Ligand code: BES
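First, one chain by itself in structure tokens, the form predicted alone.
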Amino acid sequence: MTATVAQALSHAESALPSTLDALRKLAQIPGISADPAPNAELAKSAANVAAWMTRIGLERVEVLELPGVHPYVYGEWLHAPGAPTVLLYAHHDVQPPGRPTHWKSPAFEPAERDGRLYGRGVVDDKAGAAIHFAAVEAYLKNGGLPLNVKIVIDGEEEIGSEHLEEFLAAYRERLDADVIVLTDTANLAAGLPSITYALRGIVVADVELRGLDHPLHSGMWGGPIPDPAMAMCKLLASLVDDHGRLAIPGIYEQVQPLRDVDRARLAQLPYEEAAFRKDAGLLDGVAMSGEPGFNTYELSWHRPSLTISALEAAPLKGASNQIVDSARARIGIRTVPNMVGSEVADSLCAHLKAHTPWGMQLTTKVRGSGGWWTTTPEGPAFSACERALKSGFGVEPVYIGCGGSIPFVEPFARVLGGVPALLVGLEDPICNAHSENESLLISDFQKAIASAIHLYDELSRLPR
């Protein structure tokens, strides 16, 4: 360890209370990207991020805006001639808070309990940005960074970074780098640093079934008049078999079988079904699902899956004995290599049309498609990341996949000519990202900052 690294580590440790305070203030801002642009709260969130970046000594800090797009934030420090350049990524937008009654403390009033910080966005992904800022500050307060740094903080990741192509077209010249580091993924377990080398993609579609031009009294009309809510249930049930395997014709034709090397990585990972069930919150007696013949990690990371993320006809509160006029649902399909999002969407829509009950009027709208991504985690950058994580966490890291999507990864890796992309993050199995009582394990946050400090040092010696 060099003297500079030691000084940076010492600074980050002493600055941890102020870093956490800055994270709390950022997490108080409800920058929900599902709300349409222009969005005053996301503008406020971007301004907070820009101020933080300026405060720690980054240069050319700017809120990057496009018409009708939630704001990105950019900053850089390019005073290490001859050294590699790293592009750091996180996002400042958040998911909606969900059900207020299910939060133990208000979603946008971060609260610390039992070593965890609770609040919407504290782990997904404002802590990811805070890791970068804390590590950069630690170096800049002790003589400077050992490599060149560019930072992009996304403002629309939670809605699929749907204007990313426009962003790339407008700001491509700022983004050249030798390696990308993204802090928006998970660790397999608390205290176990993990490098993600595969992401699933996603296809999202909304569907509506309409059978009437107005609701009807269920006693007077029930029987001869078909129920759109029941029709929706039948239609959605047709999408999977009793195991949860997708029943859409042709959906598996493009799925790439898992490579032997990836299967070997899965076999090395620790797994206990009881712990997995507990971490998920699966109730006693509820069976696990999925295609037969695949283990839990392969089902979660390397096989397609389908989820109904929204379902509505009439709310329970105020409901009367009626046949509703229509029912609506949102369907998400997680895709894997080599599935093509547009073809998956076409197959889904064709299946819905073929299985619509009782001649209901069907409307489908494909909301978007994010691509899957995978890489071969080998070479100097990954070796550097392994060493850095071991130094920060004190244990050997593992390689994992991720069932979620980060739309930023594939386009940026492609635009930058296939440079290594290192995906490291802070979510753990009980962090409840995207759910109520989202939380950050503070001890892992501190270890991740230390790992980032080591990583910048390790990457500074990469061949360009």
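All of these numbers come straight from a predicted model, not from anything done at the bench. The first residue of the shown sequence is 1; numbering continues from there.
Only in words, not in the display: the form predicted in complex with this ligand, which the text now covers.
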Close approach of residue 26 to this ligand in the predicted bound form, 4.5 Å, heavy atom: no
So, residue 420 and this ligand: in the predicted bound form, are they within 4.5 Å at any heavy atom pair? no
With the partner left out here, check for me: in the predicted bound form, does some heavy atom of residue 302 sit within 4.5 Å of this ligand? no
Non-hydrogen atom contact residue 154 with this ligand in the predicted bound form at 4.5 angstroms: no
Non-hydrogen atoms within 4.5 angstroms of this ligand in the predicted bound form: do 124, 202 and 402 all have one? yes
This ligand isn't shown here, but in the predicted bound form which of 343, 158, 178, 325 has a heavy atom within 4.5 Å of it? 158
Can you pick the stretch from 44-52, 426-434, 59-67, 409-417 whose heavy atoms fall within 4.5 Å of this ligand in the predicted bound form? 426-434
Enumerate the residues of 181-207 that have a non-hydrogen atom within 4.5 Å of this ligand in the predicted bound form, in sequence order, or give none. 184, 185, 186, 202
